[in-house]
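Here you get one chain, nothing else, as structure tokens; it is the form predicted alone.
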């Protein structure tokens, strides 16, 4: 299950941001998961709960935003007909993926002490 390696990389990235910003804790992190990214959001949440102990994310809330796959014609920008072939028939072009394959750390809420 590759969700575990994704969580490992995610925690490494968050730890780097914590260090870079001098944060004392992580409140939450928001991850965008594309519909065709190959990542199961439920399994990602389970992996996060399993591996966050004794890390900077131990008390953090994981928020997952699922991103639907969207396509468009590279020539005219028209999306293909829902449920139809991924092709623009007027332009005779295959549709290109616009969104839906991403795995993005979109938002990170950190507690940073005031420096007076």
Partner chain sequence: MCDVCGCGDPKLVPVDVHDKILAKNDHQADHNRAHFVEAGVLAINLMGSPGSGKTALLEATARGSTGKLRFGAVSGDLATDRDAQRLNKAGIPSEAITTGNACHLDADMVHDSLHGMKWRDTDVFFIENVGNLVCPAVYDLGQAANVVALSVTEGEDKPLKYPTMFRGADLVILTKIDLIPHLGEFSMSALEDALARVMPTPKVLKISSRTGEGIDTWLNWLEERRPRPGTKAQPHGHHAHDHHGHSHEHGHSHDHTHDHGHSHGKHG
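Keep in mind the model is a prediction, meaning the values are calculated, not measured. Only the largest set of C-alpha atoms that superpose within 1.5 Å between the two forms is called the rigid core. Numbering follows the first chain given and starts at 1.
There is another form of this protein, the form predicted in complex with the partner chain, and it is not shown here; the text below is about that form.
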Could you tell me if residue 103 has a non-hydrogen atom within 4.5 Å of the partner chain in the predicted complex?
yes
Would residue 96 count as a contact of the partner chain in the predicted complex, using a 4.5 angstroms cut-off between non-hydrogen atoms?
yes
Does any part of residue 55 reach within 4.5 Å of the partner chain in the predicted complex? Heavy atoms only, please.
no
Using a 4.5 Å heavy atom cut-off, state whether residue 77 contacts the partner chain in the predicted complex.
no
What are the residues of 44 to 60, in order along the chain, with a heavy atom within 4.5 Å of the partner chain in the predicted complex?
none
Aligning on the core only, does the CA of residue 58 end up 2 angstroms or more away between this form and the one not shown?
no
Using the core for the fit, does the CA position of residue 84 change by 2 Å or more between this form and the one not shown?
yes
